[in-house]
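Presented below, as structure tokens, is a lone chain in the form predicted alone.
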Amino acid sequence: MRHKQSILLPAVRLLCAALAGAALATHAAAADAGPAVAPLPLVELAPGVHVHYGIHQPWSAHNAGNVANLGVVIGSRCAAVIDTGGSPSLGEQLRAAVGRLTRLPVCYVINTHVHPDHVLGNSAFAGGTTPAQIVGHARLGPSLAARAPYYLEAFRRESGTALPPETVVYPTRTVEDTLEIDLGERKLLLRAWPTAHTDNDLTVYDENTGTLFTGDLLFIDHLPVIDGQLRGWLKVIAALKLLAPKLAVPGHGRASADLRQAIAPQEAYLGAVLNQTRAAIAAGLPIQRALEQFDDSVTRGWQLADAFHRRNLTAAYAELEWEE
């Protein structure tokens, strides 16, 4: 018995040392990887098409920029992400959510426009050995470069955390008119629009399921925000109403199976802003008096009117004051 123990004890010690070493290596690897990231909740709207619904709040570091809708479309070869959220941390959560859905790589990140709640998560997908292509409107890069310092300063001011300049990730592929990308047995049609919500709006259409990601060309429940051209936006709305997707995913709000019905309240609101502003200018009212006299009933039923309605009126006045 003593002879057997003398043989076994060294082997047991070696086994324990190996297990301890493996445990230490695992712990070190986990430490290097950082804390686990909680995946964002995603809803499957159609086969292979998923969305994360943002909350109806203004973009802020305090809510991690979790205010816009984010999409994921999965093909047989790779996946595409449509907008990445309003902070790097939110982008990491989105990447973790995609990892739960598929082991396929994310080969494309598609930004529907320049606003921070749609682009500041890009950095989560831009690194690694096979970074995703960042795709956007031809005017996205210049617009993002002009706004990036403001975005970073606003985030630092609110959160106390300074984001490095490389947090802002620019497009590596741009769309002048249309572009078709293939995810493997699944094609996405990207379309660049004239100036509307911004000067760099892009839509994404999944041919397999008839799903249209509109970006912020469509707001549902959340008051539309004018940052491009009011008249141009109304023209784009008229063009969107000619489309017949099976499902429309707005930049803010729940997806709808009836695009024409879903876009009608937005068209009515923007039309009312146009008419009221033109009337005020025709009456010779300076902008401050015009703001006091505008009929705020046009915001009834919309969320975040207090945050954005007067801003919309100011933008409309500046645009229309010199129209011919």
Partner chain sequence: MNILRRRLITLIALALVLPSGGGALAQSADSDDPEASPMWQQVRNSLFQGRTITSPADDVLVLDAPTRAEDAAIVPISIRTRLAQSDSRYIRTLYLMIDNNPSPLGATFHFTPNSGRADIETRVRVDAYTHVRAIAEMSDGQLYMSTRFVKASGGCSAPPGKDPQAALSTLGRMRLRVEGEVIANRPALAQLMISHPNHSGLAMDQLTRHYTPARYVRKILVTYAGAPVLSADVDFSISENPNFRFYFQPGGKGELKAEVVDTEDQRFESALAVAPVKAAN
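Residue numbers count along the first chain shown, from 1. Nothing here was measured: the structure is a model prediction, and the numbers come from that model.
A second form of this protein, the form predicted together with the partner chain, is not displayed here; the remarks below concern that form.
Contact with the partner chain in the model of the complex, judged by any heavy atom within 4.5 Å, is made by just one of 151, 193, 233, 108: 151. This chain is displayed alone, yet in the model of the complex one of 77, 156, 246, 241 has a heavy atom within 4.5 Å of the partner chain; that residue is 156. Annotated contacts: 145, 285 and 315 all touch the partner chain in the model of the complex [non-hydrogen atom within 4.5 angstroms]. In the model of the complex, the partner chain sits within 4.5 Å of a heavy atom belonging to residue 199. Interface residue remark: residue 186 is not counted as part of the site for the partner chain in the model of the complex, having no heavy atom within 4.5 Å. In the model of the complex, none of the heavy atoms of residue 205 sits within 4.5 Å of a heavy atom of the partner chain.
For residue 101, no non-hydrogen atom is located within 4.5 Å of the partner chain in the model of the complex, even though that partner is not displayed. Picking from 111-119, 77-85, 206-214, 93-101 the stretch near the partner chain in the model of the complex, with a 4.5 Å limit on heavy atoms, gives 111-119. In the model of the complex, just one residue of 163-184 lies within 4.5 Å of the partner chain by at least one heavy atom: 170.
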